[in-house]
Every structure is written in structure tokens, then in C-alpha cells.
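Take a look at this one chain, the form predicted on its own, written out in C-alpha cells.
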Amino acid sequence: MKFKTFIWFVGPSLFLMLLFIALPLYAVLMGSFQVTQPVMQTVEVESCSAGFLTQSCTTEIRTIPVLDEETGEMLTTTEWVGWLSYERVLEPQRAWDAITSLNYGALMQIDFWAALRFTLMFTFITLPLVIGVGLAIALAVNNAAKSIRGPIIFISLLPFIITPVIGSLSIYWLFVGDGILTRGIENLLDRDIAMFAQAWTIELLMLFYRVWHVAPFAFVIFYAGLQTVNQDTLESAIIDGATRWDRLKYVIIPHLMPLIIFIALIHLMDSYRVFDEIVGFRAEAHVISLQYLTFDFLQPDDAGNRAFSRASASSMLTMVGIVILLIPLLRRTWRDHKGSSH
């Protein structure tokens, strides 16, 4: 392909990526090193009480924002603060003191480290479950009779079709205090059940929901990959006396390994940004994720201010975490690509 043709082919994509990805990312990066604050001024205010003959007046000093004389909007100033926002998010000295004193509870009192603990736990537990359940469903459908494959595929895809927030709310309503399943478990065990009173039960429900919701995606990919398995190799393995497990271990899984890496890449990026479950299960009082921490920084405080700089720093730290998680898989993919090219 000529270079000019190549540029015309990829130029629009590069321009859109620069406009909608690179520039916003640069703005977030710069925002993490800057703090924008309202310009304040100190004024003397005199307040007098109503009186018929005499009035009692008091004078106090107040700090109020400076307003633009023409627009009436609050004036702000932006200051370069370097790594200050990252230090406020990470709280390194407080975290180091907790680590050196082996005080796990004190470490979890810092929002970032508590969010990182839940995010990593959520990511690494759901990853093998999504791959395993998706592969199991794909194998079951592939070995089922052709007449029932269509209905099974349709039913298997239903959880993936449901909007994440609606799906998590549905699970929440099933297990809330007067939910159907909660009432059934209470009648079965003859005791009161409060699924949303402890953090570990909420985390368990969120793990279940994520696997239930994402496993159909893995199933579709694996089912498509199973259609490309070399049947001659499988028949040769059967003739050689290979069991069903041996065929799965030595023929099918190596064949599907590129798809397993692909699903792992997608799932790592998606689950590390877990947010819908926190909102759907209303779990922010017990557990938060890194993505929710960024959202929380953007919520206005009592004075109406938003911590944009800390939100930007939290976003950049989340992105760095995703890159670190993806490095081993990307290195393996690059190594396999180089090996296959020789």
C-alpha cells in the first residue's frame, strides 16, 4: 500500500483518537498537577439588630469569594502544585506508618488504599471465574444437540444484554431486606438475614453479579473459537486413547489461548474500572472502587467546591494501574507474535 493511501486510510481514525482520547487525557494529566480555587477576599461586615430607640450593632470579619463585576460569576485562580494532589490521594506517610506497624485497619482507613484493595480483589477473583464459566458454557453448548443450541445460546446471552445498572439493581432488590430471595432464605433458616449489613456479603453479591453478567461475552468468543478447532487433531487424539480432559488440556485450550488472552485483556480493563456495582448495590458505605473514588472527588462539598485536581490524580493512578495489569499479557502477545512471524 502506498504511503499516501495509508495516510488517507488511517488519517480520520488518528484525528478522532487525538481529539477524543489524547487531548482529554492530556487535560486530565495537567489538571492533576494544578489546583483551581476561588479568589477570596476578607471584608468587614456590620450587622445591626432592629430597635425602636437604640440599635445594637456588631462588626465581624468574613471571607467571601470575589465576583466578576460584569458577569457576576465567581473568580478563580489556577496554581501549579506539582505532586500535591497525588500526595493527598495516596497519603504516603500515613500509609507507610500503617504498613510498618502492620496495622491493616489503619491502612484501610485511607480511601485510596481501601478502594485499591477492593478493585484488585474484584479484578483477580472475577477473571478466572469469567473465563472458566464462559468456557464451560461454550463446551456444553458445542456438545449439545443442534436442535436445542439456539434456545440455549439465547438464554445464555440474556445476562449480557441487560444494562449493567439495571442488572445490579435487580440483584439488589432480590436480596434487600424484604426481597423475595431474602424472605425465602429467612423462612428456610428460621432466622433474620441482612445481606447488606456486612461488607463481605455485599462484595460476594457484586462478584456473583459481575461473573453472571460478563460470562456470556466469554461464552460467545469461546463458542466461535471452538468451531475452528481442527477435527482431524481431535479424532487422532481419540484414536490414541486421549480422555475428554486430555483433549481439553492438550488440544482445545492451546487452540483457544489467543482468545483467552483477548478476554483477559478486555476483562482486566473493564473490571478494574468497576463502578456500576457500587452504585447498583448502594455499597459506597461499605466498599468503594478506584473509579467510584474519582466520582466521589467530583461531588460538591458543603461549600459547593469539587476536588477536580484530586479526581484527575485518581484517574491517572487508575490508568497507571490498568497499564501495569496489562503489561504481562501484552508481553506474551508480542512474544507469540514475534515467534509466529519467524
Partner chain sequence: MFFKRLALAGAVSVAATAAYADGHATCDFENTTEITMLSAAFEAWVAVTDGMAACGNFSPELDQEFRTKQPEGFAADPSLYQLGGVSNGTITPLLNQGTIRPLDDLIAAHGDQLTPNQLIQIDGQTMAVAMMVNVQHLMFREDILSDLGIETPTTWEEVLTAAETIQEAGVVDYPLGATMKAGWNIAQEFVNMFGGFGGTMVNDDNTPGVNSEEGLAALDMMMRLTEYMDPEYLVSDSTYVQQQFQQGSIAMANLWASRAGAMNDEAESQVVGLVATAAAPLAMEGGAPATTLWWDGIVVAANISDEEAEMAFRTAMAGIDSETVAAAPDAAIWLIEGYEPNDMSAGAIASATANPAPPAYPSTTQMGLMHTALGNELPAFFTGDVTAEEALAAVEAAYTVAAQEAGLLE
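Positions refer to the first chain, counted from 1. If you superpose the two forms and keep the largest set of C-alpha atoms that fall within 1.5 Å, you have the rigid core. Everything quoted here is computed from the prediction, not taken from an experiment.
Omitted here: the form predicted together with its partner chain. The next part is about that form.
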Checklist entry - Honest question, do Q55, R88 and A285 all end up within 4.5 Å of its partner chain in the predicted complex by heavy atom distance? => result yes
Item to check | Contact residue in the predicted complex, from L107, I221, V176, I137 (heavy atom within 4.5 Å of its partner chain) | outcome: V176
Item to check | I99: touches its partner chain in the predicted complex, heavy atom cutoff 4.5 angstroms | outcome: no
Checklist entry - Could you tell me if A27 has a non-hydrogen atom within 4.5 Å of its partner chain in the predicted complex? => result no
Item to check | G72 within 4.5 Å of its partner chain in the predicted complex, heavy atoms | outcome: yes
Checklist entry - If you check in the predicted complex, is V279 within 4.5 Å of its partner chain, heavy atoms only? => result yes
Checklist entry - Residues in which of 177-185, 154-162, 123-131, 246-254 have heavy atoms within 4.5 Å of its partner chain in the predicted complex? => result 177-185
Checklist entry - Which residues within 20-38 place at least one heavy atom within 4.5 Å of its partner chain in the predicted complex? => result V35, T36, Q37, P38
Next on the checklist: Superposing on the rigid core, I want to see if R282 changes position between the shown form and the other one - specifically a Cα shift of 2 Å or more.
Outcome noted: no
Checklist entry - Cα of R306 displaced 2 Å or more between the shown form and the other one, core superposed? => result no
Checklist entry - After a core superposition, would you say Q37 shifts its C-alpha by at least 2 Å between the shown form and the other one? => result no
